[in-house]
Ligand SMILES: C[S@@+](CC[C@H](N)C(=O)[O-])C[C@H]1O[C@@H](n2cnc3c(N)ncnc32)[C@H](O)[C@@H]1O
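One chain comes next, on its own, written as structure tokens: the form predicted alone.
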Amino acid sequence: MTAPAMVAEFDDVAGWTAEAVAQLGAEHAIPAACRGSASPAALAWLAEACELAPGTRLLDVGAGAGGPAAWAARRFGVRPVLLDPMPAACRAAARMFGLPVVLASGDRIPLRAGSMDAAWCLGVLCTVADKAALLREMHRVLRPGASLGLLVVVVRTPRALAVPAVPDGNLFPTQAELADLLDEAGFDLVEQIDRPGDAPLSWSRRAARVAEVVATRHRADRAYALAARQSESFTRLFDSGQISMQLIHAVRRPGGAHTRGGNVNPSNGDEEFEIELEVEVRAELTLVESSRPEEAAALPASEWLFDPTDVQAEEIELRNLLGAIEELGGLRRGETELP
């Protein structure tokens, strides 16, 4: 079960961020959606280390609100597929960036083996209990020799942290544990650095402006308090030197990972789920389209049966989700070109 503080941090805040960006303007989207860890310098290091290029099929596991993937798409021309287990985060990424996004867990990725050219997993590994399963799944969907970019919070020593000091839902690996996990999953660790310094002032100002709007609207919400507590816990631990944030470039070795748990390939049940989901999304889209929001908008607000702007936003989200489902289906069938 996901801790309430984790839901607040990664789901509620993502939805609020998309709302604030809609108010302030699209230029705020990427800085705000990279909240917490991904600075331009860190993203540039990962992109260069992974040798991202136009057309690269980049899987972002635990993509959140989609900021890093959107940055990579605009700066390097990659074709990203976003994956996240939080519904509001998926909706926020689709709403702000229109990228293919699918609601799924990283330990069960609905893509065929060897279908992706590179993968990112930023600030996620320390939030999952079964880190080995997550790494094995990323190994499975990457082609041999493909790059994996990680942003990982590591703890200095196994007993460095008292339990009350650890942000809810986080299990920080040591450097030695992380190296062993990568090796067992079938990755060679190529290079590693401490996360580069602060973001440029222009980036920080836009992110701060979104944070101000979110705080003004939601400061009284319990979820806001939980997310703020998570952020404060991280700040204390970083300031004390007990944890550090590392950027890692690893490469998928040829051959399989050390799959102690058995077969990790997706089953036919995943394909059936995709078909059922596509039918459901198409039905929802038909209902939204039949509501005729443009006609409602022409009426006085007192006569509205629904808010037409909400319906239009929902239609955009459904169309983005449908596009992700179709692309995932194409990758399963071996149609490796993303549209």
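The first residue of the sequence shown is number 1, and the count goes up from there. All figures in this text were calculated on a predicted structure; none of them were measured in a lab.
The same protein has a further form, the form predicted together with the ligand, not shown here; the description that follows concerns it.
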**Prompt:** Of the options L181, V128, A223, V213, which one has a non-hydrogen atom that comes within 4.5 Å of the ligand in the predicted bound form?
**Reply:** V128
**Complete:** Checked L59, L46, C34, A70 for heavy atoms within 4.5 Å of the ligand in the predicted bound form; positive is C34
**Prompt:** Would the ligand in the predicted bound form be within 4.5 angstroms of a non-hydrogen atom of every residue among L52, G77 and P80?
**Reply:** no
**Item:** Exercise: F10 in contact with the ligand in the predicted bound form, heavy atom 4.5 Å
**Value:** yes
**Item:** 4.5 Å heavy atom contact, L142 to the ligand in the predicted bound form
**Value:** no
**Item:** 4.5 angstroms heavy atom contact with the ligand in the predicted bound form for G169
**Value:** no
**the ligand contact at V152 in the predicted bound form, heavy atom, 4.5 Å** = no
**Asked** In terms of non-hydrogen atoms within 4.5 angstroms, which of the given stretches 204 to 212, 104 to 112, 185 to 193, 237 to 245 touches the ligand in the predicted bound form?
**Response** 104 to 112
**Heavy atom contacts to the ligand in the predicted bound form at 4.5 Å, residues of 121 to 156 in sequence order** = L122, G123, V124, T127, V128, L134
